[in-house]
Ligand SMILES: NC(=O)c1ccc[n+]([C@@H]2O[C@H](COP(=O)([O-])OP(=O)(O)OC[C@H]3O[C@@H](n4cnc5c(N)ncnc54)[C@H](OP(=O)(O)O)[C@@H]3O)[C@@H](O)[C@H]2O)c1
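Encoded as structure tokens, the following chain is the form predicted on its own, with no partner shown.
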Amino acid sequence: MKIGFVGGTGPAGIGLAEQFAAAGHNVLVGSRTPERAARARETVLATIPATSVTAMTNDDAVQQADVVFLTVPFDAQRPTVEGIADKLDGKIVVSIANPLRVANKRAVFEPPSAGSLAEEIAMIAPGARIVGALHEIRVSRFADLSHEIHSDTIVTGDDDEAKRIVMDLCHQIRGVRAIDGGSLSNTRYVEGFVTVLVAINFRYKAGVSYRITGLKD
């Protein structure tokens, strides 16, 4: 599968690119500038050599990818999506960001008027197949391939096939279990709950995640 990363030069994009390259996928690292994409590609290959990793612009990554991960900071996500909206029709697009402002060891939830970042994308690019996933996991953990992450992630979306494909990809990240969280509108509650996880992290000086119990295999 070709997996593209829009804004793939930051810790989220690089870490997930390493995870999916290690799983055998063709990774497309996108950026606004080819030079930054090339540097990110070299970082990925330094960790996961002899894998398929290509540097390109965001536009090219979107056009060539089967699944597009948005790995830009939350406050850059809307303008980024607006710039590529015409290329997203029919694409599976994964929103992983949370609209949180963190300062003085406190997180404040600042959702867009749509209710969540994922729902905002659906408004901007109505032809895209939007899925919310991986909100609960600190992005720095993706790049540590030597340890399992040990976390569930709640995956939301209105397109059942797109959601299944993204859940399968999440299961390929070591230690992550994907849970079907229902419709895309439920993303607002997942994004909002991350505020609580951040508060727990500050209070206990930890990097917590969560597990959903009581499910049958």
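Bear in mind that the values here come from a model prediction, so they are computed numbers and not experimental data. Throughout, we count residues from 1 along the sequence that is shown.
A second form of this protein, the form predicted together with this ligand, is not displayed here; the remarks below concern that form.
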> Which listed residue (V108, L145, A85, A76) meets the criterion of a heavy atom within 4.5 Å of this ligand in the predicted bound form?
Replying inline: A76
>> If contact means a heavy atom within 4.5 Å, which one of 42-50, 65-73, 166-174, 151-159 is the stretch that engages this ligand in the predicted bound form?
In response: 65-73
> Hey, in the predicted bound form, is K91 touching this ligand, heavy atoms inside 4.5 Å?
Replying inline: no
> Is A21 close enough to touch this ligand in the predicted bound form, meaning at least one heavy atom pair within 4.5 Å?
Replying inline: no
> Even though this ligand is not shown here, does P11 get within 4.5 Å of it in the predicted bound form, heavy atoms only?
Replying inline: yes
>> Taking this ligand as it sits in the predicted bound form, is R36 in contact with it (heavy atom to heavy atom, 4.5 Å or less)?
In response: yes
>> Does this ligand, in the predicted bound form, lie within 4.5 angstroms of each residue among S31, T80 and L134, using heavy atoms as the measure?
In response: yes
> Taking heavy atoms and a 4.5 Å limit, what residues of 96-111 are near this ligand in the predicted bound form?
Replying inline: I96, A97, N98
